[in-house]
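One chain comes next, on its own, written as structure tokens: the form predicted alone.
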Amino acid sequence: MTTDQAPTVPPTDRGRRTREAIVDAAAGLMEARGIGATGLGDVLRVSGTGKSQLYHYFRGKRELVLAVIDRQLEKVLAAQPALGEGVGGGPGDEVRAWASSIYELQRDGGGPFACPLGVLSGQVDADPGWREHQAAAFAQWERRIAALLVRGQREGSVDPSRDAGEMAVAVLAALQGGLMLARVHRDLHVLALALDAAVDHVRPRPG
């Protein structure tokens, strides 16, 4: 857990809609431009909200970035239903199916290839609270992947002798690296290679 938390959700529907508009606008701008290049004035203009509304929900840009990290994590997990808590598919290779869904998501998006959460990683060192919050978001994603791998261990498609949490870190690292290189090279085949390597990494080892 981090010591810095994004502000709590407003109790009213109107308040929630206003706060969501602010966070969505900030998330879109920061994903496209970067945290440093996004000012609060930009967020107000895109969200169609006023300064008093923004400061009602956030004490400043520092708190807004924490909320953006949360929103980006929500976006990532919503696009990967196989990682949902309590999800259990039928017989089959769930890990391979998950990897294929990641590839298809990027392919259908048409590029430039990127992770909504990962694009912030090189920018959060400017504030220790941001970095810790970003690390906690990735840790939550890792736990979801680990749960998928545990199901794979039960099915026999994932090596049962290895720690699912450690394998999840390796899988997520491969995904992030694959996305970064696919973006640089404008070549989705790079991501396919990284995902194949991740899936092969967790396979049962020959006896």
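A residue's number is simply how far along the shown sequence it sits, counting from 1. So that the term is clear: the rigid core is the largest set of C-alpha atoms that superpose within 1.5 Å between two forms. Small disclaimer: the values here were computed from a predicted structure and weren't measured.
Not on display, but discussed next: the form predicted in complex with a further copy of the same chain.
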Checklist entry - Hey, in the model of the complex, does L54 get a heavy atom within 4.5 angstroms of a further copy of the same chain? => result no
Checklist entry - Does at least one non-hydrogen atom of V169 fall within 4.5 angstroms of a further copy of the same chain in the model of the complex? => result yes
Checklist entry - Hey, in the model of the complex, does I22 get a heavy atom within 4.5 angstroms of a further copy of the same chain? => result no
Next on the checklist: Please tell me whether any heavy atom belonging to S101 falls inside 4.5 Å of a heavy atom of a further copy of the same chain, as the geometry stands in the model of the complex.
Outcome noted: no
Checklist entry - Which one of these stretches, 43-51, 64-72, 146-154, 29-37, sits within 4.5 Å of a further copy of the same chain in the model of the complex when only heavy atoms are counted? => result 29-37
Item to check | Stretch 189-205: residues contacting a further copy of the same chain in the model of the complex, 4.5 Å heavy atom cut-off | outcome: H189, V190, L193, A194, A197, D200, H201, R205
Item to check | Rigid core superposed: G122 CA moves 2 Å or more between this form and the one not shown | outcome: no
Item to check | W98 C-alpha relocation of at least 2 Å between this form and the one not shown, rigid core basis | outcome: no
Checklist entry - Your call: S101 and P112 CA atoms, closer or farther in the model of the complex versus the shown structure, by 3 Å or more? => result closer
Item to check | Outcome for the Cα pair G36, P112 in the model of the complex, compared with this form (closer or farther; change of 3 Å or more) | outcome: farther
